[in-house]
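Here you get one chain, nothing else, as structure tokens; it is the form predicted on its own.
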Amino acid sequence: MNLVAAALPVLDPVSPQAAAISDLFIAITVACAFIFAIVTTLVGACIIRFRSKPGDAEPRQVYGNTRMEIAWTIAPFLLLLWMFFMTARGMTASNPDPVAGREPDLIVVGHQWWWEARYVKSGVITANEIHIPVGKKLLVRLESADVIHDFWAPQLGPKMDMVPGHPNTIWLQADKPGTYDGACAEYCGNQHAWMRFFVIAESEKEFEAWEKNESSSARFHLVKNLPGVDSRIHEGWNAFHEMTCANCHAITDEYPTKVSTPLPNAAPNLTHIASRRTLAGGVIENNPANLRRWLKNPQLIKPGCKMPNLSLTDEQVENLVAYFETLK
């Protein structure tokens, strides 16, 4: 299996929200290391200096020292007060409250085990890849379609629970272009580990071009670029609509004669599937060979996933792959 998920770096922030968390972590870690060094030094000094020797009398017993007791009470209190202040400031900076009445820019819905992203203004719907313009702070509403999930892109901000029926909000921002890995951080079932996503930060111009393409219908304007497979594309299109595929997946293409009306929250929108980097929530790279494997037996690739094994013939698989590869 070609696994494509990467480690999630937590100390390489690229947004003010993530930087607030990283700075808080480093400050608390340095304070704890300083305390550890002091305690370890004092314990070591006491072991060496006051170790028992043959013939030593019983050490003098000290039953109270008001100054010391005041000192070791005030010092931890001040340290905890500082930590409380730093934590409160970090929490406020990492996820400030949205302006009252502001509509979200993006809605992200967690499913077992994939992510749905809906762009409110443009109406674009995609899966497992979230495109954002560099330098712009987006308000994201987080929802769950089934169980508790947790949205986490560590280089971009804090973790945030997604509780069914109780939407949360989070700010999403990237200060430099790049692709940032994310994952579900709340155990949500047997494929929790393969509920991955990408946040792709790009220039305003690139983002607008991506959003414009995603807003358009997919398909037959690309057939001319795929000589020799036209018949398979048509057969794949027919198979998608005539089998149970269209009951779960939506595709907006250039043939209005058949419209897929899938069950809500059932499965990813496939309108532009060929332009995505991964399949099955990050398990495998998106290429024709892996797409064939996925269609042939999704349970072999991602055991327990919601997509059943439809027992497709090799010909049906080839037709569907030819059709899906035009959806860019």
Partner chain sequence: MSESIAKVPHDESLEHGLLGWVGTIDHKRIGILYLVTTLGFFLIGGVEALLIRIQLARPENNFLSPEVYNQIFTMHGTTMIFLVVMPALIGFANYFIPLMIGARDMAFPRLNAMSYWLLLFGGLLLHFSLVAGGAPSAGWFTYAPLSETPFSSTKGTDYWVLALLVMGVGSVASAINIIATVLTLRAPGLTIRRLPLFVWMVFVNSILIILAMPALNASIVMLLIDRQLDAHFFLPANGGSALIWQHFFWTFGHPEVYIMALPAFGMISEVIPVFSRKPIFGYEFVAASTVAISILSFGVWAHHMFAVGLGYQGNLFFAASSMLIAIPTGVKIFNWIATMWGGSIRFTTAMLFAMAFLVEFVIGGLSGVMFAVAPIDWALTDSYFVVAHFHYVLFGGTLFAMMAGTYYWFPKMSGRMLSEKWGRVQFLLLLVGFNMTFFVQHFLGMMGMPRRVFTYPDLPYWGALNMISTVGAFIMGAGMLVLVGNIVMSLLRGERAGDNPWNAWTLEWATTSPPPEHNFDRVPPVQGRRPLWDLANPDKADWKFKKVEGGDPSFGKNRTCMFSFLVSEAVFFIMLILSYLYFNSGKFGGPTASSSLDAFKTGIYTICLLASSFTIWLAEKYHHRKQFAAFRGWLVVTILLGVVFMAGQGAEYVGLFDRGITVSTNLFATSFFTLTGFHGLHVCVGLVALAILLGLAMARDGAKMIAPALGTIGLYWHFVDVVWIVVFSVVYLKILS
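Numbering follows the first chain given and starts at 1. Rigid core (definition): largest C-alpha set, two forms, superposition within 1.5 Å. Just so you know, these numbers come straight off a predicted model, no measurement behind them.
There is another form of the same protein, the form predicted together with its partner chain; it is not shown, and what comes next is about it.
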Checklist outcome for this item: Given 234-242, 129-137, 206-214, 143-151, the stretch touching its partner chain in the predicted complex at heavy atoms within 4.5 Å is 143-151
Checklist entry - Is there a non-hydrogen atom of Pro288 within 4.5 angstroms of a non-hydrogen atom of its partner chain in the predicted complex? => result no
Checklist entry - Thr252: heavy atom within 4.5 Å of its partner chain in the predicted complex? => result no
Checklist entry - Any of the heavy atoms of Leu24 lying within 4.5 Å of its partner chain in the predicted complex? => result yes
Item to check | Cys184, heavy atom within 4.5 angstroms of its partner chain in the predicted complex | outcome: yes
Checklist outcome for this item: In sequence order, the residues of 100-127 that place a heavy atom within 4.5 Å of its partner chain in the predicted complex are Gln112
Checklist entry - Ala45: CA shift of at least 2 Å between the shown form and the other one after core fit? => result yes
